[in-house]
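One chain is shown next in structure tokens, namely the form predicted on its own.
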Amino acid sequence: MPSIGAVRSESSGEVRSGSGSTPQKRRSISGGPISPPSPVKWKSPRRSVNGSPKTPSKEIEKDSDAKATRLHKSPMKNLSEIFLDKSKWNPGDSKQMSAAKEALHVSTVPSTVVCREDEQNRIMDFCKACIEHEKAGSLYACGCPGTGKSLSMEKVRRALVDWAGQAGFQPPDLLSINCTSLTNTQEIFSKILEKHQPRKKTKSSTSPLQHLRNIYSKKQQSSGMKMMLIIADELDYLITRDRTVLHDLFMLTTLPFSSCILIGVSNAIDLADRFLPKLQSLNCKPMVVTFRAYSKDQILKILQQRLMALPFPVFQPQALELCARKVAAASGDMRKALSVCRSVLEIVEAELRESVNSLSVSSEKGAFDQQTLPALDSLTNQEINIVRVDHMATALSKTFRSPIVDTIQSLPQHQQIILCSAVKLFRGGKKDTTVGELNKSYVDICKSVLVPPIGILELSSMCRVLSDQGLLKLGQAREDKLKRVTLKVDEADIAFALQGIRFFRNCLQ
């Protein structure tokens, strides 16, 4: 029987006794001999997979380090790994703070416009077809505020000029008009005519609109003329009582020798259906491209794309995700998400100043000794070298939380349903409605959530209560159902206040 002091040889795997060097075979309980394990199969659990039992430990360590280096250089990295590779952000550095704020500014145009590729491709294909066939056309791009309409138009405008040069077509003339800058609605025709004939003066008896009609109706005058891409942003500012300006503008594309490629951009989703029925009868209804509100994943992707241009991480990934989730639930407005991210940087600045001031005051009073003060300084720098989730929660609370939100959340259920009905009605771009139309929307929501609706007289009375609280504006009329109703608060505040209730959240989506 082997000695108790027997030890296993690291090199051969045999059992040697403590007194002698002669190898002995181990035996089982029954007394039968047990074959020694194969030297090739026996490996220390700390050794490399490719190392043999006789490989020196230093070479194994080198091999492991080389593998770790290769794995570290793998091109597949997630956002957290990329952030770890970057140098730390110092919010106390004014240059770094300014760079972070500039990257998140609304006016900063990113190198690539993400999450709007489908809409841009549709608009681009439409413009290409117009240029290739030398045929006028009209398109209407609509969507809620902050959904990337204007930014996409700018990208399409640049891409169209590049494509025309590469494809051998004559690049179109470009005219971008923000309708809010017009002194009157008729001025848009003057700007189009000036682009056509920059130095030629027209007769005072002929209006710019009539002159444009003459140009686009005669072949001899329009021959050899380049196509003109007209982008009219904030198109709903051209809405007049008789709607003639909008009709006349889109009708320019129907004239036989028109060279206009008209793209109207507006926040009103159903503008084409409400204000252009005449054009549909003339087979001139514009192509409609709708920009939907950004989802949580899209907002997060856009924020990450903007921040990846910085050489240092600014936000914890969880903080960005919280911002994207809250903004997507409230409105899906990308401008609101950028505003929240900029405001959280100001919160970090204020917190840093407060901590520095408190430390300096304490040191002046002698509250800390020479060893404690550097430790507190280091702790402060570690805590405020990145935007945390609690910072983001504070910024979101300041942005969305308001007395209006508290008022809406404290309302009775039926008054909340009335506000929800108003939001659904006004999302199509309508500025106001009647109590009768509001009652129809209210009854539909009540039926969908199995809540017994109130009568129209009681609803009108509740509208007066909401008007007294500053949430609605109620007009005057002989009959209650004909009174005009207008929202006096932001739709995002209503959505934010009611998003915690499931059936409201489903109705507002």
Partner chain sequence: MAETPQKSFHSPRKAHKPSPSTPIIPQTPQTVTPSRSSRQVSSPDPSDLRRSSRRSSLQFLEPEKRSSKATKYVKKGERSKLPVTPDVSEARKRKSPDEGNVVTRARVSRNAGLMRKKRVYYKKVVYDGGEFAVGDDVYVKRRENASSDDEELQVEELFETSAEGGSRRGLDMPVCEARKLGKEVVLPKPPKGKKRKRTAREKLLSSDLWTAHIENIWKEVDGTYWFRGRWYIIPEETAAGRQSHNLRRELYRTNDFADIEMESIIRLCYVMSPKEFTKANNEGDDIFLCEYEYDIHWHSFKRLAEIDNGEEGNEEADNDVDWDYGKDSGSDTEEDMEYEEENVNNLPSGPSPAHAVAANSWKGRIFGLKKIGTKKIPGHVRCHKQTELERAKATLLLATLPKSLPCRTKEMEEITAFIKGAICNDQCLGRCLYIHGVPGTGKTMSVLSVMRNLRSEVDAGSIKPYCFVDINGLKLASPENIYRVIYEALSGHRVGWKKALHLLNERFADESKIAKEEIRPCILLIDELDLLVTRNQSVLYNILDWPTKPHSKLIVIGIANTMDLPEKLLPRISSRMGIQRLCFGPYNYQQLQEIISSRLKGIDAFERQAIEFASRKVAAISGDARRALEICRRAAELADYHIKKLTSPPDSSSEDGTLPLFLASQTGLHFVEKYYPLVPKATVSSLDGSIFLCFPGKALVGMAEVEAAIQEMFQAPQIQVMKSSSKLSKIFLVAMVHELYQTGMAETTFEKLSVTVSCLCTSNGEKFPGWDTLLRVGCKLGECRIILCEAGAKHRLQKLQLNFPSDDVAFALKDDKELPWLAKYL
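Think of the rigid core as the biggest set of C-alphas that the two forms share within 1.5 Å after superposition. Numbering follows the first chain given and starts at 1. Given the structure is predicted, the values throughout are model-derived calculations rather than measurements.
Only in words, not in the display: the form predicted in complex with its partner chain, which the text now covers.
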* Asked: Are any of the heavy atoms in M462 no more than 4.5 Å from a heavy atom of its partner chain in the model of the complex?
  -> yes
* May I ask you to state whether K285 is within 4.5 Å of its partner chain in the model of the complex, using heavy atom distances? => no
* Does S258 reach its partner chain in the model of the complex if we count a contact as any heavy atom within 4.5 Å? -> no
* is_contact(F312, its partner chain) in the model of the complex, heavy atom dist at most 4.5 Å -> no
* in the model of the complex, does each residue in the set L249, T434 and G475 place a non-hydrogen atom within 4.5 angstroms of its partner chain? -> no
* Considering its partner chain in the model of the complex, find the one stretch among 126-134, 169-177, 312-320, 144-152 with heavy atoms no farther than 4.5 Å from it. => 144-152
* Asked: What is the one choice in H196, R306, K336, K326 with a heavy atom within 4.5 Å of its partner chain in the model of the complex?
  -> K336
* Asked: Of these, T407, S217, Q120, N385, which has a heavy atom no more than 4.5 Å from its partner chain in the model of the complex?
  -> T407
* Structure fact -> Within 456-478, the residues having any heavy atom within 4.5 Å of its partner chain in the model of the complex are I456, L457, E458, M462, V465, D468, Q469, G470
* Asked: Any chance the CA of S266 moves 2 angstroms or more between the shown form and the other one, core superposed?
  -> no
* N121: Cα shift of 2 Å or greater between the shown form and the other one (core-aligned) -> no
